[in-house]
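A single chain, nothing else alongside it, follows as structure tokens in the form predicted alone.
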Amino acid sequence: MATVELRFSALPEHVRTARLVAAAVARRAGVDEAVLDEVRLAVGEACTRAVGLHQHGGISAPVKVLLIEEEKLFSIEVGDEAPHATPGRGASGDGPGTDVETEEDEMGLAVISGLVDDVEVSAGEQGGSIRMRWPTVPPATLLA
């Protein structure tokens, strides 16, 4: 299993770089060319969401992106360190504008779910992650 780890400051201008790196690693891992645009868009949404959570929460830690190449699967995990709401308790950012931010967050997750068939979202008080998976094409098929 090969893993590439990318960390970047929670600034919107770094999201484009994360998309480009993700697409390049996905291509090398054997993700179908027809799916690479979806990979770019999904990573862009996930990274934009993480950047927004960090900026809103005043978190200086970097956004973390793991690009994991397995035998027949390519995974991307975008992690943030923002505290998320847990059942029975609101997020630390409760206050004016929180409803709008929650709607934007839900919209971003909906876009990701529409782009990626295999997606897992986890969140808690220590942060959250979005893990997306795509099948890879065996190397022999790529040469044919």
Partner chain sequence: MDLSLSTETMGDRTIVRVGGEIDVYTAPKLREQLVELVNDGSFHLVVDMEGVDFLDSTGLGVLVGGLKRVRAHEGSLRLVCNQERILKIFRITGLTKVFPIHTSVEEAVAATD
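Residue numbers count along the first chain shown, from 1. These figures come from a predicted structure and were not determined experimentally.
Separately, the form predicted in complex with its partner chain exists; it is not shown, and the next lines address it.
>> Using a 4.5 Å heavy atom cut-off, which residue among D118, D37, D32, E70 comes into contact with its partner chain in the predicted bound form?
In response: The residue in contact is D37.
>> Please identify the residue among P62, G79, G108, P83 with any heavy atom within 4.5 Å of its partner chain in the predicted bound form.
In response: Looking at P62, G79, G108, P83 one by one, just G108 meets the 4.5 Å heavy-atom criterion.
> Going by a heavy atom distance of 4.5 Å, is T48 a contact of its partner chain in the predicted bound form?
Replying inline: Yes.
> Is there a heavy atom of R131 no more than 4.5 Å from a heavy atom of its partner chain in the predicted bound form?
Replying inline: No - in the predicted bound form, heavy atoms of R131 and its partner chain never come within 4.5 Å of each other.
> So, in the predicted bound form, is P12 in contact with its partner chain at a 4.5 angstroms heavy atom limit?
Replying inline: Flag for P12 set to yes.
> When you measure heavy atoms, are R16, L41 and G114 every one within 4.5 angstroms of its partner chain in the predicted bound form?
Replying inline: So, yes: the whole triplet contacts its partner chain.
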